[in-house]
Ligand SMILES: NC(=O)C1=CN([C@@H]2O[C@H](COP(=O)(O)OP(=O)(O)OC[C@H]3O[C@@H](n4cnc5c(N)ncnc54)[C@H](O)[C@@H]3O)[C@@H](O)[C@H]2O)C=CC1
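Single chain ahead, written as structure tokens, the form predicted alone.
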């Protein structure tokens, strides 16, 4: 217990570089048991005696006052005990048990929950986010205990403008919105997709310091085409097929109008929409509202950062990026997002659009290589289809192994959602890459959908590869003291900073330039020495510092593009005259940090 308390105290000290001064009193309009049942104000046994007197809590709590550090240590002791007692249990059962103990703390005491999360983000991110969040979404109807967020369904058409005022917070800065149609690589999970929105916003709080009183997870329930859910007696959503066409868009339109009418400066992150609606809604709203799609733009940014790191790992200048042969496997929203951002980056680094037009990006889907000869090609994929004769010896629909053997690509990047598609034969073919340090990115989530494992990649493609995955894998022991470094190409490196930077700049939209700035900031974060070792992304332990840097880069880009309108007391002129260091400090100072505030009752 003493070691745990020392660990807790050191964690608190480590995190204080992101904290503000001791908070002033917080006015509450509740007393007695109502405060104990409100997770935002509840301090459990941590209420000092003076607060117990003025808030009517005498007798409602055990008499001993337990300090924040003691509460922290007690929770961590319970968590470590759970880990020890479930060592021999199946992985899924263990993950859900860990999620439950964290969720119970979240339901009871938000301040303690977020401190625990911030100080132990590397351990807890896989529980509240990828990959466990996929398992939670699959079982959400059975796990449901306490409502969190808001639900707008097809049956609420015409009522959303009034419904939005049911949310108790007067100000909302960040909304994560999903329709549950494509949760990770698990497909249509209907209303149970709310779990992904909750998990993403927990990351916003932990990584970006967004105030948890100003976040809102939202589910748009337009039905589900998942027959298993429709037949499940516990399923909590609408039991009807998904709306399509104009009916569907009218629901999304109504929500967006309602949300921005009440909170005109909010930011909406679209999450896990199926491809056709992901692209349609992005184009429909991005010039009107402060919104972005994380699957298209966030994944693209993280992917681009990894691709730029790969060029550095090969000892080449970034101007050589346009000459990289990159094969992208998966023509969904994520894969197409990476291709779009890579094309834009190639043009910028080369200094002309002609070079970008002649880039060496190739797209493979379930039907093989996509060329202009394909019939009924998806309009979103059409810009990346190769023309006739561009690839000698490769036909329309050529298989992945044919493409890899013929092209000998520098990078093989998977966003297919198909577990194991990078077979032993495909990985062995990557040994013939034209690069001295080829890259293999198995970016699909959750873990079971990864295109290959880290162990298989290093075993079959060779020890000199650069490897990245969407889900966490352990580093690979290559023997003789060598380590195969595993990079988690996770969106959590970027989306918190994109949201935070947009909020603090007051930008009225999120531009491609702001997104590029975020990706390039992440790409430049690693030292040359780290890059040469094959380490493309920083440790999740430093996510709060990374997010501050990315957020500052987004603010500077918004200012440069004259999109910034300021935030709070800081206007656009003040932002314009900030140095790079001052912008970073401005971002850090505006990151919320969890500490107990003194509570004062007011009727």
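Numbering follows the first chain given and starts at 1. Model, not experiment: these values are computed from the prediction.
Below, we refer to the form predicted together with the ligand, which is not included among the displayed structures.
Listed stretches are 315-323, 293-301, 116-124, 168-176; the contact stretch with the ligand in the predicted bound form is 293-301, by a heavy atom cutoff of 4.5 Å.
Put simply, residue 228 is far from the ligand in the predicted bound form: not one heavy atom of it is within 4.5 Å.
Shown alone here, residue 518 lies farther than 4.5 Å from the ligand in the predicted bound form, counting heavy atoms only. Of the heavy atoms in residue 443, some are within 4.5 Å of the ligand in the predicted bound form. Residue 365 belongs to the set of residues with a heavy atom inside 4.5 Å of the ligand in the predicted bound form. Note on contacts: among 106, 242, 182, 98, the single residue with a heavy atom within 4.5 Å of the ligand in the predicted bound form is 182.
For the residues 484, 217, 131, 330, the 4.5 Å heavy atom test against the ligand in the predicted bound form is passed only by 330.
Contact annotation for 260-283: a single residue, 275, has a non-hydrogen atom within 4.5 angstroms of the ligand in the predicted bound form.
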